[in-house]
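Presented as structure tokens, the chain that follows is alone, the form predicted alone.
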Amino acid sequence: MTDNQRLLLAIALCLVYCAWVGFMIFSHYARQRDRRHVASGAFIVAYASQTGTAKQWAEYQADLLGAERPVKVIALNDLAIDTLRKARDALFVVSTYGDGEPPDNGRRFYRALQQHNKQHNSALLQPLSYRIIALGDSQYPAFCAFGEQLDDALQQSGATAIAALKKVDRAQSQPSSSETFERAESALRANTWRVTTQQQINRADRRELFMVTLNAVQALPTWQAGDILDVRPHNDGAAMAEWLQKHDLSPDTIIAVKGTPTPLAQVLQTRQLTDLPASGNAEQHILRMPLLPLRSYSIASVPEEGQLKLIVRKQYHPDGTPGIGSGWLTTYAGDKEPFCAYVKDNPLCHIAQHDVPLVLIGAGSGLAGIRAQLAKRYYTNSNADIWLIYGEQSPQLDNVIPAAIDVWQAKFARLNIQHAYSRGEPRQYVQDIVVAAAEELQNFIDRGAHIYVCGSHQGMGQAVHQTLTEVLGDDALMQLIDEQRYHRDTY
């Protein structure tokens, strides 16, 4: 081949590459345009959801509304203020994140609405009629706070609320609200599971960390790294036996549950064991007993493994008895007692690009989400750089990384693991490592890296978010959120 031919070939290859890059950019913006487009006259159902629950509720509500008129389900951040100005009706389904914050896919819209309200005295959204469903957990002080904030901002903009703000309390799990949760979720991916192994992976007492393996009774469902399993736990058999003895009832007593004859022991499995009144219809009271609340866990595996794995911190009540969800999964559940759980889509924690660097930050049971992201990289044969920063208490009792990922570690030639032990020497937290390696973190970001944070929101999650804000800058971190390169799987 002559020099001229080599030059022409190089130019041709460059042109092909440029055309491919141009096509990818065009496709990206075309998808964004389609995602954000709202047809004239459509009923808008907008959601802000950190873990996917509000998104599922929005889709469920849209199904109910869709029989009457066209409906557009859209993430709040994808909804332009100008689009909302031209709309007549909207339903907002929003959760609250952290200490009263908007979920990440609602932050930009809420800031834009606040900015419009500050700059304009006119009724910006006067033609709009709306209602809000706010999802929350009353165990937290900022219960449904973002729903209240959004309601105030919409009213300030001139929009008209056609119904009072509806708050849905996941913690109470009353039959009416829990059944609505189940209708919204079971329409997606409800499955029956059995616990097959419960392996303690640390050596600490009263804060045990377990790898729990579940097998599906039916076909294994699909999910992605970053998704969540909502578990309906069961009562401990000893607690049910004590309750039955106290009320002089037989576990074999038959009760009609929605017309289906069901043994009392089966009915009690998923109910809060409240006392029966001295008089009245005992069967009706039992059916009104609240369901045990769902417990949410980051999934620690990917479908390619053929099993669903969780990493669960065993919790304890003040009297020393295990917590409802963690006690069930780590202690009481066995392969002879199936239970119901829901695989929940968590799109904010999906990472579609596996050929870019990845920064994983977590602590404690946050190892679950980290393990799933590593598993995905393993099964896609990714050779990209991975930087794992993981925090625990004691280097002697909590060296859990090998038990979680040892089977793959040799595959990841470009995996850098840094531990932070709060009771080690030196005493460190994960955010301390981030500060010390700020320059390296910026280098990762400049190379297109994603940041994935998993673990408790109180403490670790808040501290990491504040540290990233200080290290990268607020605008840069918000840009990462908008680009869906900053993923927070915190709880």
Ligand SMILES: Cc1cc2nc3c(=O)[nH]c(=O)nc-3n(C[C@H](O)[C@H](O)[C@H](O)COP(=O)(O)O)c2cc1C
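Remember, it's a predicted structure, so these values are computed and weren't measured experimentally. Note that residue numbering begins at 1 and tracks the sequence as displayed.
Not pictured, yet referred to below: the form predicted together with the ligand.
Screening 245 to 253, 215 to 223, 282 to 290, 99 to 107 for residues having heavy atoms within 4.5 Å of the ligand in the predicted complex returns a single hit, 99 to 107. A single residue from the set 412, 143, 379, 332 has any heavy atom within 4.5 angstroms of the ligand in the predicted complex; that residue is 143. With a 4.5 Å cutoff on heavy atoms, residue 457 counts as touching the ligand in the predicted complex. Under a 4.5 angstroms non-hydrogen atom cutoff, the ligand in the predicted complex has residue 344 among its neighbouring residues. Residue 78 falls outside the set of residues with a heavy atom inside 4.5 Å of the ligand in the predicted complex. Contact annotation: residue 54 falls within 4.5 Å of the ligand in the predicted complex, judged by heavy atom distances.
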